[in-house]
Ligand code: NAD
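Before any questions on how it binds or moves, here is one chain, the form predicted alone, in structure tokens.
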């Protein structure tokens, strides 16, 4: 089967013929229909996140059709359309037992610890890492497994702060941020949405998706602009999908008293925290990926037509061009590889 292979930092991804994985008793072999290309993949390619093996096939946003199942698998059968939950937990720790697999202390991430889905087929360890699509297009579903699941969990964290007369800021209208706007509209439709990005094209997309206000992230004082739009009060919640020093500074400057800031982006920025550095009783937390049960909720939102990823499909052979464009910030929404 064909698969992309990452060897070393600074070297292009290659396309190679590799042996088809052997299916063990609790494994499921999935023929990949769609595999998303995520900004976090760049952290692996640039050497900021280490991988367990080299060469390795990247790709953690995957969906497709079940091709083979192990002798002990009864949950799915060949022909089933499935989304692949990417935060593979150990299944036995306390966090996994309470269905917080994304917080597992001994996780196995496809595309980082084992081969991922930028290939014709993917071996999935245990059917608990699959969710049936029930008719949803797997090409659409693939990016939902991260580009929608991650912002879904993050937005849920701030929903108690939102509602009529409340305001939510979305920093970074990329693969995750463009889904966050749709998710916020679905979960808390009376909330005013403020989108902040350095790209005019992405701010235009944010408006089209329903953002009430857009702010140029290159502005000298983003916080002052947002305060001016909110009668000097600021935002009741902010979700930062970038996470560098500049965006975290803007998040803090935009937040209202009693607000909540959720950091999702892993760009490595820091947020100075002390009693007087942030508005009174402003909470700051992080959010990583989402649980399998939350993925089911995300897929249901998609089935209802409440969220739709902005996707561009490309063949495996285009992977290096796609990564270059992603590096340059020239991808709107999500690129989905279709092996």
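Residue numbers count along the first chain shown, from 1. In this text the structure is predicted, and so the values were computed from the model without any measurement.
From this point on, the text means the form predicted together with this ligand, which you will not see here.
Visitor: Name the single residue among 143, 111, 174, 86 that comes within 4.5 Å of this ligand in the predicted bound form, judging by heavy atoms.
Guide: Here the answer is residue option 174.
Visitor: Quick check on this chain: which one of 235, 158, 206, 242 has a heavy atom within 4.5 Å of this ligand in the predicted bound form?
Guide: Of 235, 158, 206, 242, the residue with a heavy atom within 4.5 Å of this ligand in the predicted bound form is 242.
Visitor: Are 38, 150 and 288 jointly within 4.5 Å of this ligand in the predicted bound form, each by at least one heavy atom?
Guide: Affirmative, all three are within 4.5 Å.
Visitor: Among 68-76, 111-119, 194-202, 128-136, which stretch has residues with heavy atoms no more than 4.5 Å from this ligand in the predicted bound form?
Guide: Every other range fails; the passing one is 194-202.
Visitor: Would you check, heavy atoms only and a 4.5 Å threshold, whether residue 107 touches this ligand in the predicted bound form?
Guide: No, residue 107 stays farther than 4.5 Å from this ligand in the predicted bound form.
Visitor: Hey, in the predicted bound form, is residue 81 touching this ligand, heavy atoms inside 4.5 Å?
Guide: Although this ligand is absent here, residue 81 would stay clear of it in the predicted bound form, with no heavy atoms inside 4.5 Å.
Visitor: Can residue 265 be called a contact residue for this ligand in the predicted bound form at 4.5 Å between heavy atoms?
Guide: Judged by the heavy-atom cut-off of 4.5 Å, residue 265 is in contact with this ligand in the predicted bound form.
Visitor: Residue-level question: is residue 310 within 4.5 Å of this ligand in the predicted bound form, judged on heavy atoms?
Guide: Contact check for residue 310: no, nothing within 4.5 Å of this ligand in the predicted bound form.
Visitor: For the heavy atom contacts within 4.5 Å of this ligand in the predicted bound form, list the residues of 313-330 involved, in sequence order.
Guide: Stretch hits: a single one, 326.
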